[in-house]
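The chain that follows stands alone, in the form predicted alone, written as structure tokens.
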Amino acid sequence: MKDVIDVMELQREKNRKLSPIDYKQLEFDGGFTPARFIFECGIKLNGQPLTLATAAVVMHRFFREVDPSNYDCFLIAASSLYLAGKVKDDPLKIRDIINVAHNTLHRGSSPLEIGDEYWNMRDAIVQAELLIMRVLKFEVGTTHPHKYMLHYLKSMEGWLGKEQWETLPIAKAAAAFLQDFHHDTSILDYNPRHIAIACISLALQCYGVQLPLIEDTDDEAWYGVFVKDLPKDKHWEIMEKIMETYNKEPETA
């Protein structure tokens, strides 16, 4: 088991890598690469966190149903963003998606002029959206861990006390772990409530927070207040999966 504290260093290391990624040089990597592409494009488009999370989940679900080698993963990623914007009522204009996706794949390029290349890419995104819908049998709604995490964190604020809560970025760290876990297809394998607990638990351990009224020898008992069906081994399994995500981050020049 890797030291949980190392995860924060991995996050900081990731944030220090400012050089742009050349996506065309990367492998599919189990869905990590298109997920990273989704989040980079989504942030540039000012998409809401739930929109980006929905896009990543839709993309991961699609590639579980098909052979990834038969599809352009960046086209599917861009189309997943377009679809997610509709699902979450956070409309992302298709022209903006086209230009951001094109510029992210071709660093330094100018926005596409209205012409053959633009219309070809637009048609491809729309057709890919229909394909994704058919492959997923039009079931694109997702129950996200975010709403459970928000509920748990609000409860924990009262548990810890406002003064201590405001001195430690527990909520920010937990939210960062949750967003980063969306880069890994294994996010589909776990209960959203359990994922929320694992992200909060990682944040607590990274900052060495001991919750009141919890014995040192039973530091996992705190989440029993929120969920009753999460065995300790499953809890640690999810945390390990989250930590493994950081090892997939590609090196930059």
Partner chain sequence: MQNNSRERENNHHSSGSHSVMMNIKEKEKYIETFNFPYCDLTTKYEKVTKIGQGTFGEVFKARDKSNPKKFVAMKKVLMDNEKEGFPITALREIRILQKLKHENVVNLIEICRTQASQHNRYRSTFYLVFDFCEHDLAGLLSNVNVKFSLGEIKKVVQQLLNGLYYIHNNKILHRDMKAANVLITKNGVLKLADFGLARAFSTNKNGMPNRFTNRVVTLWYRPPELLLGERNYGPPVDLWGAGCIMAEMWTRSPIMQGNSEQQQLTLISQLCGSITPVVWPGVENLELYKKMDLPQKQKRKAIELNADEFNTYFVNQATNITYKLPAISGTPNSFLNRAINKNFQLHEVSFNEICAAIDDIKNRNSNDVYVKERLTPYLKDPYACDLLDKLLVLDPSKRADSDTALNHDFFWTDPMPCDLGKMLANHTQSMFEFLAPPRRATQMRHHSMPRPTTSAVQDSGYQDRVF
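Residue numbers count along the first chain shown, from 1. All of these numbers come straight from a predicted model, not from anything done at the bench.
What comes next is about the form predicted together with the partner chain, which is not displayed.
- Put simply, G115 is far from the partner chain in the model of the complex: not one heavy atom of it is within 4.5 Å.
- Although the partner is absent from this view, K154 stays clear of the partner chain in the model of the complex, with no non-hydrogen atom inside 4.5 angstroms.
- For A171, no non-hydrogen atom is located within 4.5 Å of the partner chain in the model of the complex, even though that partner is not displayed.
- In the model of the complex, the partner chain lies farther than 4.5 Å from every heavy atom of K232.
- For the partner chain in the model of the complex, the listed stretch (64 to 72, 200 to 208, 39 to 47, 184 to 192) containing residues with heavy atoms inside 4.5 Å is 64 to 72.
- At a distance of at most 4.5 angstroms from the partner chain in the model of the complex, all three residues E129, V135 and E139 contribute at least one non-hydrogen atom.
- Contacts to the partner chain in the model of the complex (heavy atom within 4.5 Å) from stretch 101 to 126: H102, L105, H106, E117, W119, N120, M121, R122, D123, A124, V126.
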